[in-house]
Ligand SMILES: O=C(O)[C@H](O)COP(=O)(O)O
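Encoded as structure tokens, the following chain is the form predicted on its own, with no partner shown.
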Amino acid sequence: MAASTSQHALSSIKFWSTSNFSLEKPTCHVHSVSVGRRCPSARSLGLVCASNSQSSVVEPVQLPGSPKSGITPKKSSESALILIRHGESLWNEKNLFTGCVDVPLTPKGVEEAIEAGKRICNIPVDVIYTSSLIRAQMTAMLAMMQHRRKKVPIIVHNESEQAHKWSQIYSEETKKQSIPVITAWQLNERMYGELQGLNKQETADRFGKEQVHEWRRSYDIPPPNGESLEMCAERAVAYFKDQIIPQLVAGKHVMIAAHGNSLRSIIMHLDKLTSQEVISLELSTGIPMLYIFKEGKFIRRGSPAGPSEAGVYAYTKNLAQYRQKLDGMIQ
């Protein structure tokens, strides 16, 4: 659905570069804090689902000091933050505990990643963060293949000096048509310990539904030799604050492709959810969520609409203008 764009046209109009793209103040004003909409079918279960349209504003975050980060904030700039839970994996399909086992996507998961990419194809992206697991990386790559800027996502290899040297790009023009993809184990799914690879239903039959529910849904109780959600949040949020917020402060537009629990942890931080609220937060596979970062605040816009709809792009003036410019380039 996302139309292709010629690289020649892209390179000839430099002010369209996403690295210089500055979003303006949203056209709608929101003064209340919302933790999400309740799913009608899930009210009796107390589930909180990711909002499709509801907006919320959370208090300013504690920003890293500029001298330490080496990044100078852009005054009055806005940045887009896109969060995507990976598409369905082979072990999701088999109802197995996956955790940090590196499992690829199913054909359905591939389609979910492609659909996610179509939803964000008109939103600028300057840098991508993903976990070290292939299902998240596949989702990031497949999603960006749908973007109308047609920039190529390139995984940055800094795990060793040799890996860094061997992956160097020596064409400045090629660099301009690329988007760096940074992988981090801190964004991995929480480690399920001795449950990894076990069938969820069989595990419930063996240990009891209440015990398995406690392992899966409590905030601070880990499964045997595994991580609790609290432990996952400690590493994921610390990485988000240290590595990703400085990019947003600098005016960069960021996409994170990760996992249910690492993203729940980040959303808990962004929306100021309590430990009880976050354990009820459900994130669908392959459904992106958009936040606007401005003046130290994260404004949640929910899930972007499809590329054929106005939807989320009208929420901010310059998102709409960015899309109009992309439309003009292919007409």
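In case it trips you up, residue 1 is the first one in the sequence shown, and so on. Keep in mind that what you see is a predicted model, and the values were worked out from it rather than measured.
Another form, the form predicted in complex with this ligand, is not on view; read the next lines as being about it.
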Heavy atom within 4.5 Å of this ligand in the predicted complex, from candidates 98, 106, 146, 186, belongs to 98
From the list 77, 228, 92, 247, which entry has a heavy atom within 4.5 Å of this ligand in the predicted complex?
92
Answer range among 164-172, 109-117, 124-132, 212-220 for contact with this ligand, defined in the predicted complex as heavy atoms within 4.5 Å:
212-220
Suppose contact means a heavy atom within 4.5 Å; in the predicted complex, does that hold for all of 291, 316 and 323 with this ligand?
no
Distance check, residue 252 to this ligand in the predicted complex, heavy atom within 4.5 Å:
no
Quick one: is residue 137 in contact with this ligand in the predicted complex, heavy atoms, 4.5 Å cut-off?
no
Is it the case that residue 206, even though its partner is missing from this view, gets within 4.5 Å of this ligand in the predicted complex, heavy atoms only?
no
Does residue 157 reach this ligand in the predicted complex if we count a contact as any heavy atom within 4.5 Å?
no
Residues from 251-277 in contact with this ligand (non-hydrogen atom within 4.5 Å) in the predicted complex
261
